[in-house]
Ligand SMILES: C[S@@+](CC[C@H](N)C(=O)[O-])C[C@H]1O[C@@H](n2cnc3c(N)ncnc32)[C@H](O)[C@@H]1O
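Listed next as structure tokens is one chain, alone, in the form predicted alone.
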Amino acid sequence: MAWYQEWFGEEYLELYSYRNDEEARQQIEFFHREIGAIDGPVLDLACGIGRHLQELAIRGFHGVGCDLSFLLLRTGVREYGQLPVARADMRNLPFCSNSFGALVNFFTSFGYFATEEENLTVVREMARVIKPGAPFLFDYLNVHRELSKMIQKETRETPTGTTSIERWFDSSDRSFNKRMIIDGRRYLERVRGYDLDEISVLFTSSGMTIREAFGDFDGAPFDRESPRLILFGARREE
């Protein structure tokens, strides 16, 4: 079983409990401010429990979520009530082509798969399901900062007890890895590290145009020391 099929459950929610409604509110405000007019619904790809869907609705957008984790989607129903979501793999989205007026992808929900072709397939699916000219927001890690600031070992206290975390970068496949031990259970996160040039190639080869790169959700320009790599762009007009 792949790591992403095991990890996104209750322990994940506890470890990342700081990813809260206030953070989602700030991020959707940034999206709203930068994205401009939208013609159609917004797809939240890898939506988790639906924090951003809730904020999209507050601002008058029609958001639709998609995530592989049944537990995260079910938790979202308990937290926010019924939401328009689908459970699916991002390599094969269950939506018709040209269905969405915009797409958002938050919190490094990309680079999960074992091969370059699979990760490229995700970008191609993003491009397929949004309309020509439709904008996107892509929130990803900054490879340079992650390498320079990596904490190799630490412990964190969560409601279920102490979590031991070990991090390393595997240069053979350029992946950032994180091993968590929670109450004797072992979990793994693995994300392929793409820099801005590599990401740009993936997007442009899939029919997407990158308009601007930000380094945080305050709108600072992206550089090597930025905490995030946040791309705004659009699917190219046909």
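Just count from 1 along the sequence shown to find any residue number. Small disclaimer: the values here were computed from a predicted structure and weren't measured.
Same protein, other form: the form predicted together with the ligand, not shown, and the subject of what follows.
> Have a look at 143 to 151, 100 to 108, 156 to 164, 128 to 136 and name the one stretch with heavy atoms inside 4.5 Å of the ligand in the predicted bound form.
Looking at the partner contacts, the answer comes out as 100 to 108.
> If the cut-off is 4.5 angstroms on heavy atoms, which of these, 199, 208, 182, 46, is the one near the ligand in the predicted bound form?
Spelling it out, the residue with a heavy atom inside the cut-off is 46.
> Taking the ligand as it sits in the predicted bound form, is residue 69 near enough to touch it, meaning that at least one heavy atom pair lies within 4.5 angstroms?
It does: once the ligand is placed as it appears in the predicted bound form, residue 69 has a heavy atom within 4.5 Å of it.
> Give a yes or no for residue 77: in the predicted bound form, does one of its heavy atoms lie within 4.5 Å of a heavy atom belonging to the ligand?
Contact with the ligand, no.
> Using heavy atoms and a 4.5 Å limit, would one call residue 83 a contact residue for the ligand in the predicted bound form?
No - in the predicted bound form, heavy atoms of residue 83 and the ligand never come within 4.5 Å of each other.
> Using heavy atoms and a 4.5 Å limit, would one call residue 123 a contact residue for the ligand in the predicted bound form?
Residue 123: no contact with the ligand in the predicted bound form.
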